[in-house]
Structures are given as C-alpha cells and as structure tokens.
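One chain comes next, on its own, written out as structure tokens in the form predicted alone.
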C-alpha cells in the first residue's frame, strides 16, 4: 500500500500474521495485516469482539499469549530518522522500548496494577526500570502533573492501592502512568469498555483534550464506533483477522464501502431514527479456526459474487486514501 508523502509514518505493520494453538487446531487471529500509523493522529481500530483488534495491538509490542506466536511479518517504528524493527529487538532492548517509545493502556485497569503496592510505587518502578538515577522527587513532580491532567488529586491517589479506587479512577491513573516516559505512541485497548456510559464519555473527552495539547499519536481500539466518531482521525475496520477498510472518520460514517462496515453502522442504535431501522449483522460469525475460503465475510454478505467464494480480495486504494478489501472495488 502507498500512502501520501505529506504525512510522516510513525509505525508500519507489514504482513503481520499471529496464530494461536488451541485444542481444535490453529486459530489465525491476525491474518497478513498491513497498516500504517501517521505521526500525531488518532487511529481508531474497530470491529466485532474476537476480530483480532487486541491481538494486533499486543503484537505491536511483541506481547503474545503463551499458546500464540507471530508467524510472519514486520513492525517498523520510526524514531529520529531511524527504523526500529520491533520484532527483532533482543529482550533487553525490547523491555526498554516498551513504555519509553510505545506504551499501552490495557483493557481492564484493575489487571494492570500490582495490588500490593501503592500507585506512587508504580510510577517509581516504571521510571527506575527505564531511566535510572532520576531523583524520586522529580518522578513525583511529573506524576502529579500527569494525574492533574486526567483530573485526579495526586495527593490522594499516589498513596492509594488499586482496590481503593473506582473503575474510572483506575483507568485515569493508568493513562497517567502510560505518559510518564513521554512515549511517541500510546495504544488504548478498549479503555472505556468496563466503565459506565457517563464515565466513558468523560474518559474520551480527557483523551481528546490530552491529544490536542500534546499531539501524541494514539491507536484507540474499541468495538464502539460512536466512541471513535468523537476522537479518531482515521478508522481501520477489522473482520476475522483482516483489515477490510481504512479511511478518515467522515468517510467511514458517511461513505462506507465495505459491506461489513455498512452492516456495522446499520447495527448502531439511533436516538433520532425509528427502531425499525436497526438491523443486526446478518448470519452467524464463521468459525475462526476454519474460516470460509475467499473473502471471509462472503457467507454474510448481501453483495457476494462467485469470485468472493474462492479468492480473498486485496486492500486497495479507491481514492483519497480510502482503502477497501472487497471485490466490488477491485
């Protein structure tokens, strides 16, 4: 794929394939994915649960569950004119690379904090592990600034254990921690999925404000497309391990091309439209261990053709950096 030279590419995912060994066979969670992330943008990654969004995010930092492995592909991070092949980094350099160049806010903040140490110790340990000889006072100064940025009282939060905080407080504390080393890219893996609607909106507003102030690049992963409408610059749609459409947020919502993207949008409830217009996704989702041949969406697609049953479509640019993997546009 070729992208416009006007914007600087910070991260390139090239032909990434991630598989898992399960009792029923091999599950290909990410299937030959190509994706570029531009410096300074918020890239949304959306799709049904189980489509491979989180696996792709974790693979960017070479984090794969014990029963999984990265079968093929490259992930290139561009830093000060240098290209870093993340998957080729030795363990020591990879450990320093994580959180210093790319940080991640995992889904479910309660699983990201050590329950037996205070929040202040998480900040200290993170900094000490990456940049030694920094006085504790300076770490606390930076932590206070970051916690204030996410609307938390540092004097209160730094002395707390994770079980003493609400879900929204944990999520915001984890966001502050993800900024402590000033990374160039932050991956947000469904940061609002475990929160109530009001807290979700508050978190998204905070992230939008932080992005506008700092210009940090973000990958925002969610199955909730309306959330991405508020914060994303571009959206990539995933289906059964494949990226099927990439475009700016306006084109995804008002000019969707892939039948799966169109079906996703039709399944979103509207506060102004009649309930009769709400349409669930057609048919059951195929077995990911034994996916259908050709286009994986063809059993559920109202526009399927004979070629769809035998040949997988390629992701092609149909104009203005709008990419679609569908035989309707090949």
Ligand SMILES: Nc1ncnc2c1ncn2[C@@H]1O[C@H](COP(=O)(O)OP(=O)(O)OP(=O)(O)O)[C@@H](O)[C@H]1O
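It should be emphasised that the depicted structure is a prediction, and the values quoted were computed from it without experimental measurement. Numbering follows the first chain given and starts at 1.
There is another form of this protein, the form predicted together with this ligand, and it is not shown here; the text below is about that form.
Under a 4.5 angstroms non-hydrogen atom cutoff, this ligand in the predicted complex has residue 50 among its neighbouring residues. Put simply, residue 318 is far from this ligand in the predicted complex: not one heavy atom of it is within 4.5 Å. Heavy atoms of residue 190 reach within 4.5 Å of this ligand in the predicted complex, making it an interface residue. The closest heavy atom approach of residue 288 to this ligand in the predicted complex falls within 4.5 Å. Among the residues 33, 263, 27, 60, the one placing a heavy atom within 4.5 Å of this ligand in the predicted complex is 27. Contact with this ligand in the predicted complex, defined as a heavy atom within 4.5 Å, holds for exactly one of 223, 211, 101, 251, namely 223. Residues of 137-153 that come within 4.5 Å of this ligand in the predicted complex, judged by any heavy atom, do not exist; none qualify.
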